[in-house]
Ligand code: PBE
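Presented below, as structure tokens, is a lone chain in the form predicted on its own.
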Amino acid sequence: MFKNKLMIVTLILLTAFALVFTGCGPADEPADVEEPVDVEEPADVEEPADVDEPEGSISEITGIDPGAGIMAATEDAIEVYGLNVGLLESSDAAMTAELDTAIQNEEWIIVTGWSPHWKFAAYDLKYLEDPEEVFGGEEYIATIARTGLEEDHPAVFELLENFNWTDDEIGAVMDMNAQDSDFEANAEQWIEENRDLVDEWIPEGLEGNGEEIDILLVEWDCALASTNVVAAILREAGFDVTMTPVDAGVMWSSIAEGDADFMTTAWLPGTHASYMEQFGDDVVEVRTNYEGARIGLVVPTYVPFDSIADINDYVE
């Protein structure tokens, strides 16, 4: 019996040792641990579109009044570049309203554009490159008078000979006009704030005594600025000034026929080239009053193309 008990104790001890050695191991070799399940890598997820770069397409160019030279140039550009877009006739005010709406909604838009214009101060815009030079190069803005104005009103003619200003000066008036449509009051305020410059323009003997002066203009922002400033100077000197807005063709023909005295916004040599060719012999180019004018097609800077030649790639 003793032997049997000894055998039982021996078996118990052997079993205990077996359990100890199979349940533990070195610290750097842990017991079998369930391997983590491999997690499948997520499929490539498309990056979200950049909300600051609106997407869109183009179907038309928003223009201004049909008599403007820039509209004729835009029609030429559509033909030269073979553009599959229409040209919408509207007005300067309607064009800038469409531009504002498009930018507020982050939509693509192409508009006819020119400098100087207040929209370049209000929005981030760019001219589309024009490799075929359909819109020409840099231009200037000139004052055009009827023949005989110098003889009839020599001091008025001398004022027009003296009148010229910089981009900052005309830009200040255009910005005032964009904020408040009382153009006459804005011109008077600008004159008071720039009296030294204005006094350089005013010749001796500029006295109107109620004499009538008729000025024509197209309702472009640059024309509203320059015409109202010159008109305010003449009114201050005692002239009875009438300003009449017309389209470009009527403006040129009326001055050539002597039915109006002058205009301050002839875009030369390109935009109004056809009018100068037609009426140049019957008018007087008094002087350049603004350097660095430009016309072309304009888009918000977020629009992804930079050249007129690329427009068809984005036509809807």
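Start at 1 and count along the sequence shown; that's the residue number. Keep in mind it's a predicted model, so treat the numbers as computed, not measured.
One more form of this protein, predicted in complex with this ligand, exists but is not displayed; see below.
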| item | value |
| --- | --- |
| This ligand in the model of the complex: contacting segment from 156-164, 228-236, 81-89, 215-223, heavy atom within 4.5 Å | 215-223 |
| 70, 283, 260, 58 - the one with a heavy atom within 4.5 Å of this ligand in the model of the complex | 70 |
| Residue 295, heavy atom within 4.5 angstroms of this ligand in the model of the complex | yes |
| This ligand contact in the model of the complex: residue 276, any heavy atom under 4.5 Å | no |
| Residues of 253-275 having any heavy atom within 4.5 Å of this ligand in the model of the complex, listed in sequence order | 265, 267, 271, 272 |
